[in-house]
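Starting off, we have a lone chain in the form predicted on its own, written out as structure tokens.
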């Protein structure tokens, strides 16, 4: 009966017979909720750690990928420049070959001319010797 009178006044007695403003059931639910919130906060903190380490890992991988990308771009540019150098060298060699072919043709023509002159001179010498 005393409990009912106190309950009507908004006061309650707990298990230790202490006077409380809150209903013991509501106090128990509040304590349980506090524990659940604490556990939830612990899980959230652990989740944040995991997400933080994941972000760090992804950042490291992104940096590594960017580094490899830059290396690949550098290698591609180097390959292009080497190809251009070879092309220029090939053109220079082709020009040199053409020049040497022209020089060979001149030498062959000069040789043929000198052979004709030699033959003419030998013929002149032979005629000169036979006339004496």
Partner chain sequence: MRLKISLLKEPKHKELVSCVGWTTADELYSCSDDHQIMKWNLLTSETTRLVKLPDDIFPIDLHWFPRSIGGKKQSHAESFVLTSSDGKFHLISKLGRIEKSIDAHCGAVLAGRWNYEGTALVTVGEDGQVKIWSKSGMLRSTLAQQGRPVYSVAWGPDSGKVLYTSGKQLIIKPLQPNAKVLQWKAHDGLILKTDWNSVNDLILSAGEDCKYKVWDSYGRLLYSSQPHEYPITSVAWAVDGELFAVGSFRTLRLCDKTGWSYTLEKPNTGSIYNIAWSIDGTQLAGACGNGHVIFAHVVDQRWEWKNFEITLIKRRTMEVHNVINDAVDLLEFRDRVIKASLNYGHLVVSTSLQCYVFSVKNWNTPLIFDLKEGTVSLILQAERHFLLVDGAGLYLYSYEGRLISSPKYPGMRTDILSAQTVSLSNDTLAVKDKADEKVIYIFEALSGKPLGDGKPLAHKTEIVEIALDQKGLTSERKIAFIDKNRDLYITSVKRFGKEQKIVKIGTMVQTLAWNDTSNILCGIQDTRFTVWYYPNTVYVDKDLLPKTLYENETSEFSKNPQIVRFIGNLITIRRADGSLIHLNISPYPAILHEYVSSSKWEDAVRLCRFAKDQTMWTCLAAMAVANKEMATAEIAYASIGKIDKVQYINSIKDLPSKESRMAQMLLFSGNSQEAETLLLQTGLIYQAIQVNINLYNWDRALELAVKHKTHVDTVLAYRQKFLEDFGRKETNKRFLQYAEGLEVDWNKIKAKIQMEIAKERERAAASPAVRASVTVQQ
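Residue numbers count along the first chain shown, from 1. Whichever C-alpha set is largest while still superposing within 1.5 Å between the two forms counts as the rigid core. Quick caveat, the model's predicted, so the values are computed rather than measured.
Just so you know, the form predicted in complex with its partner chain exists too; it's not on screen, but the next bit is about it.
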Its partner chain contact at residue 110 in the model of the complex, heavy atom, 4.5 Å | yes
So in the model of the complex, does any heavy atom of residue 96 sit within 4.5 Å of its partner chain?
-> yes
Distance check, residue 123 to its partner chain in the model of the complex, heavy atom within 4.5 Å | no
Contact flag, residue 103 vs its partner chain in the model of the complex, heavy atom cut 4.5 Å = yes
Just give me the single entry in 77, 30, 92, 48 that has a non-hydrogen atom within 4.5 angstroms of its partner chain in the model of the complex.
-> 92
What stretch, of 48-56, 84-92, 67-75, 34-42, brings heavy atoms to within 4.5 Å of its partner chain in the model of the complex?
-> 84-92
Note yes or no: does the Cα of residue 71 move by 2 Å or more between the shown form and the other one after the core is superposed?
-> no
Once you line up the core, how about residue 105: does its CA shift reach 2 Å between the shown form and the other one?
-> yes
